[in-house]
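One chain follows as structure tokens, the form predicted on its own.
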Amino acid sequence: MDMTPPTHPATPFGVDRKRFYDTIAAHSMTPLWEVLHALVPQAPATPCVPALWKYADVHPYLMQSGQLITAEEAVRRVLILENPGLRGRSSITQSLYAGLQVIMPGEIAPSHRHTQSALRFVIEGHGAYTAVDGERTQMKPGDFIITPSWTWHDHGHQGRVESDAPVVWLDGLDIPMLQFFDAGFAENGHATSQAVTKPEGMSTHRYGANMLPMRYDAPFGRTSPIFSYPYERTREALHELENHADIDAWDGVKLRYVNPATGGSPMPTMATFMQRLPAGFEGKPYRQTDGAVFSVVEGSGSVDIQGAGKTWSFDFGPQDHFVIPSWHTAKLRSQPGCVLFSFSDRPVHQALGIHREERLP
């Protein structure tokens, strides 16, 4: 007996399904039951794939871009880290954007503002600055710097053209997220550089000493009032914890950056982290619903990533970048030890009550 089901099974009412689908399509409707399992899968599914960008491969193109176009003409001279599964969408995950920005000695990336929140994580070079809301901060390798939503900001390199090296940093923004909400706006400044009205370090003095002004006014809304988190201070904390605290079997020593006024993430849409994998670290596997972007600060190691029935293994070194998509199982290891910066869209998951994490044995 032939048990193969018919191509178009009979319906209880004798109605031809395809004809019905074609009819309702003319009225801009479609049947849920044909797409339900794709809309509400049994486990998170993403078109994003794990990927690694070796800095040694990327660096020559960054330097070439410095000869191809000026910072003023480009507005922001950036090479986007585009997920191989999302080509053409300028995204590293479905909700996050990442790119490597380069500024040459003597240049200024002109002032503008936008509703998108942005982070800068400095990869290499000295002599550059970021200005936010009338205050400048110097950019040093390993520093994490925030550009709050809708704040005027510009970047500059005060080095000498003939002798100093370019400065490169990682840009992380919530551009795809705001595109989803149709909430993206931008405005160019009238001057190339904004007027500096505050001494450097003022935001740290005012908000970064485990104290807040008596009448705290949240200058950047839900974003941290501190816009520069120096690596020197972060690295010292990781070093002391590595020597004197328990080592987590999944993360090594991992700290999250915080908004000192709330204890929450520095930005409402993006969380940022720094972690140290001690020498000889063999991490246990974990997975989480927030896809994460990593920048290697120091040392080297490797990561195994599993998802969608596939396995990826990446060896990483200083200044490399990689992405672990949502609900992909990852396992980190490092023989010499390393330091990793990362960011994700975890605050949005947590605000919606949909964040999930599994730490596997």
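Each residue number is its position in the shown sequence, starting from 1. Predicted model, so just to flag it, every value in this text is computed and none were measured.
Only in words, not in the display: the form predicted together with a small molecule, which the text now covers.
At the 4.5 Å threshold, heavy atoms of Leu173 reach the small molecule in the model of the complex.
At a distance threshold of 4.5 angstroms between non-hydrogen atoms, His155 is in contact with the small molecule in the model of the complex.
For the chain shown alone, Gln101 is a contact residue for the small molecule in the model of the complex, at least one non-hydrogen atom being within 4.5 angstroms.
Among residues of the shown chain, Arg76 is one whose heavy atoms approach the small molecule to within 4.5 Å in the model of the complex.
For the small molecule in the model of the complex, the listed stretch (112-120, 275-283, 237-245, 197-205) containing residues with heavy atoms inside 4.5 Å is 112-120.
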